[in-house]
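First comes one chain, alone, set out as structure tokens in the form predicted alone.
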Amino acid sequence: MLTEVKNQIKVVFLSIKYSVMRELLNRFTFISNVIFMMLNNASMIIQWLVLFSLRENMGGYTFKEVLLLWGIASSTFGFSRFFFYKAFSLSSIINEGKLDSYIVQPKNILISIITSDISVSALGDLLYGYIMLVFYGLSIKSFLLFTYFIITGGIIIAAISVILNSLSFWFGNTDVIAETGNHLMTNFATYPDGIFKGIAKALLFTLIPVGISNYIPVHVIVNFDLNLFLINTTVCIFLIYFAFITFYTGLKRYSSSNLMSSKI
């Protein structure tokens, strides 16, 4: 069992390595995509500078805590798109019958698919988050917690995308549903949870688990809470399990298009 896990992890990193090498064939494009994505994220901070010039507190967050929230939102987004990029176009792969070349390989099908490509600009999002952490206050504790939470947060985002995209096995093209879910996760991620009340806030900790992937990490880094830490970890593990169950249950309904192409 451990040998299989080690081999799968090795395959994943080899796949990502070859994807990076392929993108690096044009170094200028690679570097410019990363830099411009970081600059794009930085431009959004201006609106918060204006808001905090009017008041010192926003939804229970100070300006430094908003920077931390932005850092977590950016890095979790970047982590999910860099390591699990194909999780966000899984519906198209299913509907176009392009799973064939993955099914015949002696590897985990779902992992092989979602790690088969990368988004270069996502690396800019990932790095930008750490820049925000520096502005918030870099320490060994904050660095380790931040890194842990962008991993769990990125996995949560990717798992939700897998679940929504896997609905294509039953309902045909579910691109719109998956994109809507992804946009909701992204759009709410950069706003302090204190500005949401009642049903809206409940939804952000359940059906749209931005609260788990983004808000809880901020609260734990600012003021460590073991219970919140465990909630984040537990939800992450549950969503991984649910994503695999949903995908492999749906895979039994898959119809091949007889399109074969080699995959590394």
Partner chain sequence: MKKYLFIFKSEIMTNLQYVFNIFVGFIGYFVMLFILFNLWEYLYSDPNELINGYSMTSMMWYVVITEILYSVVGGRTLCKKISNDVKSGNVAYNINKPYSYIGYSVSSHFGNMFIKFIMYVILGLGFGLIFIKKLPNLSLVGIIFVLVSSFLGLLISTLLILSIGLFSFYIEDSGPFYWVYSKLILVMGTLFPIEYFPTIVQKILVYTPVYVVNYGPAKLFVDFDIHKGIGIILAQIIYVIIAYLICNHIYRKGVRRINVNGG
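On a predicted model such as this, the values are computed, not experimentally measured, just so you know. Positions refer to the first chain, counted from 1.
From this point on, the text means the form predicted in complex with the partner chain, which you will not see here.
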query	finding
Check all three, Gln105, Cys236 and Arg253, heavy atom within 4.5 Å of the partner chain in the predicted bound form	no
Proximity to the partner chain in the predicted bound form, single hit among Phe229, Phe205, Phe196, Phe63 (heavy atom within 4.5 Å)	Phe196
In the predicted bound form, Phe224 touching the partner chain (heavy atom, 4.5 Å)	no
Contact test in the predicted bound form: Val176 vs the partner chain, heavy atoms, 4.5 Å	yes
The partner chain contact at Phe83 in the predicted bound form, heavy atom, 4.5 Å	no
Interface membership of Tyr130, the partner chain in the predicted bound form, 4.5 Å heavy atom rule	no
Contacts with the partner chain in the predicted bound form, stretch 45 to 69 (heavy atom within 4.5 Å)	Ile46, Gln47, Val50, Leu51, Leu54, Arg55, Asn57, Met58, Gly59, Gly60
